[in-house]
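Next up: a single chain in structure tokens, the form predicted on its own.
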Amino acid sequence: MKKRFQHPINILENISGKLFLLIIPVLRTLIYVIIHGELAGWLQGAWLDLLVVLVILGSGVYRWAFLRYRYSDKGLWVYKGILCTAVLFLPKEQISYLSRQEPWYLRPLGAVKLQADTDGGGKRNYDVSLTITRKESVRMVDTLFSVRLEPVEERYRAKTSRIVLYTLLNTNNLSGILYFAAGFTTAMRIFGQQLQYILREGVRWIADFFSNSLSPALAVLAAILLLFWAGIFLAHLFYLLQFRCRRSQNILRLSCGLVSQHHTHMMVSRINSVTLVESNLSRLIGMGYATLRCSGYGKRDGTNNLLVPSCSMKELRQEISTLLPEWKETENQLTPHHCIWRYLGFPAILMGVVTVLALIPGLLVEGIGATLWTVWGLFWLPMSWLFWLRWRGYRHAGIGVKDGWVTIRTMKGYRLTTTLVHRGRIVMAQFRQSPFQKRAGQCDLICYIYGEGRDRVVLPGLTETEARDFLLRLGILMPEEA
């Protein structure tokens, strides 16, 4: 196949980062025409404005004209430069990820941003990024993957309500707002009329305080924060609407987007890991979601590398086993022992300190006991929730292996995760011990998973000898090292 040029709109994409140079003609126009009203002086120096514009357009045309591509059933070639040339070749069997992004501003022009990635290359940039026609992008996908998506072996389509729920639970700041609302409702039910009276007096004092000074500023700030959150929420929602997944032989295709269309193709054999996640709020309602890691997927668009959005954990496992039947989840064969304090120590100590701080003044000073215990109760609610979550994390943690497939269950922040990975994708294992763990014969097991950047899973509180024996079974430690 002959070498091809990108879509002409790529010229404008190339100069988008140089538009700041237009400040020179803009300032000249502002000074001569608007401020001084000297049209003749501006016309005499118009050659400078024209030169700046030609330099900007020329750089865009140069990059467009001297970057060409071609593809065949052997791979993808990209040619760059005129004097010092470079040829980039991606073998077909090494391409892990190929996507066709159709932003709203390119769709009327029939243009598509195509990105290709392998397990090599940079962490933040795609190996190849081209702007081509929609028709050409479809032909390229069919040629490079050589497997048409029909007939489809398995398919999954997310319900709109589940996508909205996922977006609500994972948009920044909303989780805290919802949890505060739930905790406040519980506190009202526990403390009743006394708490209502305190809150009513507090609201009256705050209203009196802000009525003369800060209420307009705070109102504007609150409106800005609300609009900012709403913008993030709508952006995520529009991105994920119409989320669907198809599996055809060794090809996994994910499509989503309402205004902008996103079509992602991945080689199943090159997926590094699949993770089932239960966040702090989704755990309360029995929901979860699944993500996957594959070189290129979610590299620059800020997504969570979704495979299945929000649904019940039972449905989630059913969808995973349907789309990826070769990925096996196993029961825990090695779990943390005698380290429950590692999980529950922080919330337990904090709860005890707050209780003491509320008890002593309440006994020594008359008349403030009810108020102190009210504050203690409001603080106790989140600490109790954290204690419960850490307890679930302790019961959840563990690792197992079957037929070369490793399942690692652990706690990341406030999320319970279940990571499925093939033994061949674990490139390194590390033992980490604190001085207290050395005395107790315990360690933290850190598994590094193959892929771009650092992807690791930490499983704390294992017995050192059992952890070494388990790694020996996996073949990560040699017998003389165990």
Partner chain sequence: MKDGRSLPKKAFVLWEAVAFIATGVLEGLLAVLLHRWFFLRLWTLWLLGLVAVILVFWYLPLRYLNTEYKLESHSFWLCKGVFWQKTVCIPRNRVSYVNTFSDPLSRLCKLRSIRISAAGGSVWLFFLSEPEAQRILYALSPSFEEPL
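Positions refer to the first chain, counted from 1. Just so you know, these numbers come straight off a predicted model, no measurement behind them.
This next part talks about the form predicted together with the partner chain, which is not shown.
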Query raised in the report: If we take heavy atoms and a 4.5 Å cut-off, which stretch out of 105-113, 338-346, 398-406, 121-129 is in contact with the partner chain in the predicted complex?
Result: 121-129
Query raised in the report: If you check in the predicted complex, is Glu93 within 4.5 Å of the partner chain, heavy atoms only?
Result: yes
Query raised in the report: So in the predicted complex, does Leu168 come within 4.5 Å of the partner chain, heavy atom to heavy atom?
Result: no
Query - the partner chain contact in the predicted complex: Ala86, any heavy atom under 4.5 Å - result: yes
Query raised in the report: Quick one: is Lys74 in contact with the partner chain in the predicted complex, heavy atoms, 4.5 Å cut-off?
Result: yes
**Report entry** Phe5, Arg155 and Arg246 all contacting the partner chain in the predicted complex, non-hydrogen atom within 4.5 Å
**Finding:** no
Report summary line: Only hit among Arg70, Arg432, Arg63, Arg423 for heavy atom within 4.5 Å of the partner chain in the predicted complex is Arg70
Requested in this report: Select from the listed residues Tyr79, Trp229, Trp388, Phe238 the one whose heavy atoms reach within 4.5 Å of the partner chain in the predicted complex.
Outcome: Tyr79
